[in-house]
Ligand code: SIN
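In the block that follows, a single chain appears as structure tokens, in the form predicted on its own.
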Amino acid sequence: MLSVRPSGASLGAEVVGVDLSQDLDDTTFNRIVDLWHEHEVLFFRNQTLTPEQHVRFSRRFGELELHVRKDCCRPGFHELFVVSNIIIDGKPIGSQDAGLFWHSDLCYLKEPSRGSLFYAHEVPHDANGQALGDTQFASATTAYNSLTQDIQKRIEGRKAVQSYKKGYYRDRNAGPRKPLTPEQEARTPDVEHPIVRTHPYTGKKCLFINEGYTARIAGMENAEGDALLNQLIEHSTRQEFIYRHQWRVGDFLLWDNCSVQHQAVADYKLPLRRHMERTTLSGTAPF
């Protein structure tokens, strides 16, 4: 029977008593959706899923995105974006350096992702058996609600420029990435989205900016705009807004890309292996 264990942080909860490899009845699935909207991050422990089952459960929520980096997708499953440091025959099996900066998945698209569903195949551990490679999640709703009224009024109606190129080309632990192809650049032009985004399902206000992809505030002079953006970015990931997830093999976790931003903790390297796979839900234009 389904039960819930809140994380104790400002977001996040564990759902117990659900086997995601099975076809869930509508009542159970709708309860999961409601809990997701309430807690913004949900996770399920001890799941055993095939790629087909991962994709099938994800499609219960709606249409899935096909990632622009097809070379990082699981062979035969363009819906599954692989996040891993594993190299086979001299070639990475997925993205080795994804998520090192705070970000919201696909925020740089005209219609950013609704959410992401992440499954843990391999988790690195240190010599003492401590899990490494945690993921931090910050509540964008709590961050917005914690702004002063003066700042809320200052950013009301304003937009920020989200840039895939900014996030793609910034310094990373794995070294420089190969240049984007003309096709990839054409699919990811810079876009403007509201700084204060309304959640399409709950109506809550969310602070929709992040360190990884937000390039500037539209319509503001560089110095003033940069100062305000930096202030918002610093505010958005204050410790009291964060849930830090320590992964176990078999964890299945979903987060809301409107009300949450996240960051991978890069505290491991080969020969310690990490292998995760992600489906990404199509979303709607921010308002």
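Note that the coordinates shown come from a computational prediction; the quantities given were computed from them, not determined experimentally. Residue numbers run from 1 along the displayed sequence.
Heads up, the form predicted together with the named molecule isn't pictured, but that's what we're talking about next.
Of the residues G94, G115, G167, G99, just one reaches the named molecule in the predicted bound form with a heavy atom at 4.5 Å or closer; this is G99. In summary, among the residues A120, V83, L109, I195, the only one with a non-hydrogen atom within 4.5 Å of the named molecule in the predicted bound form is V83.
Note on the interface: of 257-265, 56-64, 43-51, 225-233, the segment with non-hydrogen atoms within 4.5 angstroms of the named molecule in the predicted bound form is 257-265.
Shown alone here, T142 lies farther than 4.5 Å from the named molecule in the predicted bound form, counting heavy atoms only. In the predicted bound form, no heavy atom of S163 sits within 4.5 Å of the named molecule.
For the chain shown alone, K205 is not a contact residue for the named molecule in the predicted bound form, no non-hydrogen atom being within 4.5 angstroms. The named molecule in the predicted bound form is approached by T135, whose closest heavy atom lies within 4.5 angstroms of it.
Of all the residues from 266-283, those having a non-hydrogen atom no more than 4.5 Å from the named molecule in the predicted bound form are R274, R278.
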